[in-house]
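First, one chain by itself: the form predicted on its own, in structure tokens.
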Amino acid sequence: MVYLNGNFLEKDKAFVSVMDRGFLFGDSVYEVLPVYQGNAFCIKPHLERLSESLEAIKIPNPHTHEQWRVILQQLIDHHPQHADQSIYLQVTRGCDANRKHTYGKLKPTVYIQSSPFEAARKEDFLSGLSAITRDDIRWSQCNTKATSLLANIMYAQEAKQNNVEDVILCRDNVITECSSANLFIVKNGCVYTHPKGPHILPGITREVVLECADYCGISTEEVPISKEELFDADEVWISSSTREVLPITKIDNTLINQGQVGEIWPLVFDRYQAEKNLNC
């Protein structure tokens, strides 16, 4: 069951016009929300980021936050067999009569789907994961969660072909983020991550990870990280809504912390699980 423009219907019966600007131009934004035990996690900041993305590309928000909450909960309730779910929400600018770059006043298209979601298990990541680095060739408005993700898709596919977890991106010798995750390093007991701005997505999970570190008494700093500092880190983590927070112990065939998961990641991972339980 999915939601499309005010209706709940079977996915194979949900259709969008070929004139939709989301299809033709990627003229749309999206959100991904994890659901634990039937409750959307961090729904308020996700809806706030959705509003910011819509405003950034001048699409009118079709719903209030409360209306979004009702729709999302109704969709969640349509899948009671899945206590944990991943919600994908997309808003396009809408359909026009002809394909043209400019647009007039259009009615946004809203599509939402739910998929079964299996949360990360600590024991599955005690050996760490691998990543590769590549130059960051994306546009300079990465803080808008737009669906025009061709560069990200190319990076993610390269990660898949290389059998690694993700691609770590570097712009002018500064590590920004990954193809679909934010990035952290740990050095001398302090957690570092790239500051918010146009070169990274302001990840909701990123904020939760920083809050978890703070709760554990671990210092955090939002500062640029050089490629040299990445390889010299004591620990490297990545975070996203569906992957939560995961340790990276090998980058470009170079071992981080001699290939061992560090001492701080388990503390933050455990606190993240506690935050999920509090939310539920």
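This is a predicted model, so every value here is computed, not measured. In this text, residue numbers run from 1 along the sequence as written.
Here the subject shifts to the form predicted in complex with a small molecule, a form of this protein not shown in this document.
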Worksheet item: Hey, in the predicted complex, does Pro108 get a heavy atom within 4.5 angstroms of the small molecule?
Response: no
Practice prompt. Spell out, yes or no, whether the shortest heavy atom distance between Tyr30 and the small molecule in the predicted complex is within 4.5 Å.
Written response: yes
Item to complete: Could you confirm whether Arg138 comes within 4.5 Å of the small molecule in the predicted complex, counting heavy atoms only?
Response: yes
Worksheet item: Using heavy atoms and a 4.5 Å limit, would one call Arg93 a contact residue for the small molecule in the predicted complex?
Response: no
Fill in: Candidate from Leu210, Val186, Ala159, Ala181 lying within 4.5 Å of the small molecule in the predicted complex - any heavy atom
Ala181
Worksheet item: Just one stretch in 213-221, 246-254, 59-67, 42-50 has heavy atoms within 4.5 Å of the small molecule in the predicted complex, so which one is it?
Response: 42-50
